[in-house]
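Just the one chain here, laid out as structure tokens, in the form predicted alone.
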């Protein structure tokens, strides 16, 4: 089934969602999205076995948004998440996908945040509630959260909720929601208490199991830089200047627009860079790859789809300027270096709030990713002097 779905349009999602997906740079559905979206759009219950980093937030958020009645200012979907961090992340994802849905409102509710703020927001009305079990329970008991209009209930990372001791709260919440609701449960593993919940609270759920791609990439040295205040572009240019054994690089960004923008900025800084994206003609794309092969180009800034199948042995570095949406995309990306047994380098730019994805990537590549610090201005200057001396010696030698 997933083999034939190569676009979000094929999943029959509304045009407002397709526009938002284009804006954020989603090009093709991940296996879990291709498998879950039709099931949830049809109103069926779902039992999904999937790791973090497979793209499951979009797999449930998009069908939920597609089925909302925006005129009804009542909670129509409830997402339960084990931690406040995940609740905030999921709420932000809903906000991002609903960019072209005027009037849409999502509300994260979790412990540690002022009850007054949450009560005020709930009284104004929200279409989707994303919360931790304890705080959702509090609001249901206070009657400040009314789930009469609830259509869909999502349990995200159910095994994590079990591990944290929330499973009784989850069952209590399930018992206090309309029996007609659609229920989707996602879990990386399926221990007995979770199977019991599915038997008791789900109606004939469709089971979807997505095995996250794993790869042992021993020839590739993986490192990450935690994005902190400093301009990403400034950080990137400094890194490119001081990297040892640098020959050529593929830099991955999320959107087609970003490929052109970043390539132009790198060129303005004196680097031989070019964009590679799906909007370019086949001839132009082949020309860019040929230039990368013959050495007249050192840096290609690409999207995931455009870089598929690139096999250029001189690519010594892969830089994930934007974090990929799932671990599978990361494995495909870094596979562009370290070809034919050569050593390769992969650098990931990761914001503090994307550290969950970093952990998922470490699990998928079965390798620890080492942190790196930004090269100082002194180190960059030293490297420039050394390169200049090398050039002088080369000229003298000739």
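Remember, it's a predicted structure, so these values are computed and weren't measured experimentally. Rigid core (definition): largest C-alpha set, two forms, superposition within 1.5 Å. Positions refer to the first chain, counted from 1.
Below, we turn to the form predicted together with adenosine-5'-diphosphate, even though it does not appear here.
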property: Partner proximity in the predicted complex: residue 353 to adenosine-5'-diphosphate, non-hydrogen atom cutoff 4.5 Å; result: no
property: Contact test in the predicted complex: residue 365 vs adenosine-5'-diphosphate, heavy atoms, 4.5 Å; result: no
property: Any non-hydrogen atom of residue 29 within 4.5 angstroms of adenosine-5'-diphosphate in the predicted complex; result: yes
property: Partner proximity in the predicted complex: residue 48 to adenosine-5'-diphosphate, non-hydrogen atom cutoff 4.5 Å; result: no
property: Stretch from 366-374, 64-72, 50-58, 353-361 whose residues place a heavy atom within 4.5 Å of adenosine-5'-diphosphate in the predicted complex; result: 50-58
property: adenosine-5'-diphosphate: the contacting residue among 234, 311, 192, 244 in the predicted complex [heavy atom, 4.5 Å]; result: 311
property: 269, 223, 163, 96 - the one with a heavy atom within 4.5 Å of adenosine-5'-diphosphate in the predicted complex; result: 96
property: Residues 8, 33 and 339 all lining adenosine-5'-diphosphate in the predicted complex, heavy atom within 4.5 Å; result: yes
property: Displaced residue check between the shown form and the other one: residue 196, CA, 2 Å or over, core reference; result: no
property: Large Cα move at residue 65 between the shown form and the other one, threshold 2 Å, rigid core; result: no
property: Shift of residue 163 between the shown form and the other one at or above 2 Å (CA, core fit); result: no
property: In the predicted complex, whether the C-alpha atoms of residue 307 and residue 20 sit closer or farther than here (change of 3 Å or more); result: farther
property: Sense of the change in Cα distance from residue 332 to residue 13 in the predicted complex - at least 3 Å versus the shown form; result: farther
